[in-house]
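Below you'll find only one chain, the form predicted on its own, shown as structure tokens.
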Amino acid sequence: MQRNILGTRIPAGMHDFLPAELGILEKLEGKLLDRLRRWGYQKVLTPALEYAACVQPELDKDDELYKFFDRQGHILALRPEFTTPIARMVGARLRTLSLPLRFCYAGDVYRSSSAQYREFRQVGVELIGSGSALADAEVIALAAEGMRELGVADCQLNLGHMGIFMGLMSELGVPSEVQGALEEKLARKDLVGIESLVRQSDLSDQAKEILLKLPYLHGGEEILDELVRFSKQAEIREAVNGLREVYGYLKDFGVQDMVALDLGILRGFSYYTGVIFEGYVPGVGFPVVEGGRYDALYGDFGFPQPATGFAIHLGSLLGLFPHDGLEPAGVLVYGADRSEVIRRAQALRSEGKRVEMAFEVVSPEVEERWVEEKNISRVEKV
């Protein structure tokens, strides 16, 4: 049967991985997981399909979910991230373990709202059971070390705090509809949209001045001093003090050179409650690292615990690494005696070599072409 044109395509936002590309992806994933395990994080895996009721409340936009019905009429969804499924798993099965819990993961997540990536590989961690600033610093430092492990030394981690934004909204009396629009534009770094929204609002001139400064409060500890000069609210001062403490620990971890404070960042999931951070690399127009504290999430699963973590968007980093050609097959074995070809190939494989076996005798011209196309390092004729 001849397939129609859709049978030759893949859906928007999905990706095929050729051998070289997949080899790079798996190599990067292995490096990251090795680093995470050295920090005491154990790997877990949750199902790709969850009940929609589990993951749906955590997305700002319901249309980001891929939804299905099972035969009993339950609404299922492909996981859009790992944090909520792991919270569900811990609340259901791991309550008796000693805290804090340190878990890591690697797997694909699915979001229908993105044009470029709708299925993408995430590698990340969840640190459950500690509300200390040192726990925040640990996951941020680990994210920084993870990027160094991959050889992405020019990654910039921007550090903020949800309490600052929420405190300002309360202190300045920002209406809910303006707050919602401002959140959306801050998350997208839409500076023109922010200015238009704020200037057209009914807020006081002082409130407008403060909100227009917010996206530009980026740098070192001096921006915290600037923030406390125009805010006396306890929630904001508590957030500022927390950021100072975390920032100091990052110096002890030796990663402060990769971190800048950015009081205008917001995360796209509703569960974040405290310190938040994003990682950017040149040439990629969106965050490749996303993380922060989410102290209220575990209460939704009947197991109230503070928690923090991060995820690295691994697929978006592939373009930073060369992957021309296939991984070397190592040795090509061929000959007229097929039994002897099999025996020789098996002997080489038992020595740990990668071996490709030809099914027929190959001509010198074919041998030359295969060596080039398959990147073979040695040919044996038996």
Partner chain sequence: MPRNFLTIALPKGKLLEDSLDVLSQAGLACRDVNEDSRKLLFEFPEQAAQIVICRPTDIPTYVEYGAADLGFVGKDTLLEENKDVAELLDLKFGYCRFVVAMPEEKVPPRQADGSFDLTSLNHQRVATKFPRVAQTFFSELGMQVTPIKLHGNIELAPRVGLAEMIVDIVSTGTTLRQNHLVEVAPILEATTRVIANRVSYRMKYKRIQELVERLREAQGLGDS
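Keep in mind that this is a model prediction, so the values were computed, not measured. Residue numbers count along the first chain shown, from 1. So that the term is clear: the rigid core is the largest set of C-alpha atoms that superpose within 1.5 Å between two forms.
Omitted from view is the form predicted together with the partner chain, to which the following refers.
Out of the listed residues P215, G107, G242, G129, P215 is the one that sits within 4.5 Å of the partner chain in the model of the complex by at least one heavy atom.
Among Y249, Y280, F120, F303, the residue placing a heavy atom within 4.5 Å of the partner chain in the model of the complex is Y280. Here the chain stands by itself, but in the model of the complex one stretch of 155 to 163, 234 to 242, 172 to 180, 133 to 141, 155 to 163, has heavy atoms within 4.5 Å of the partner chain. In the model of the complex, the partner chain sits within 4.5 Å of a heavy atom belonging to R188.
The partner chain in the model of the complex comes within 4.5 Å of no heavy atom belonging to F230.
Of the heavy atoms in G73, none are within 4.5 Å of the partner chain in the model of the complex. In the model of the complex, none of the heavy atoms of E81 sits within 4.5 Å of a heavy atom of the partner chain. Taken together, the three residues D34, K43 and L99 lack any non-hydrogen atom within 4.5 angstroms of the partner chain in the model of the complex. Residues are counted as partner-facing when one of their heavy atoms sits within 4.5 Å of the partner chain in the model of the complex; in 191 to 206 these are L191, V192, E195, R199, in sequence order. If you fit the rigid core between this form and the one not shown, you'll see the Cα of L212 move by 2 angstroms or more. Superposed on the core, the two forms barely differ at M162: its CA moves less than 2 Å between this form and the one not shown.
Relative to the superposed core, L186 undergoes a C-alpha shift of no less than 2 Å between this form and the one not shown.
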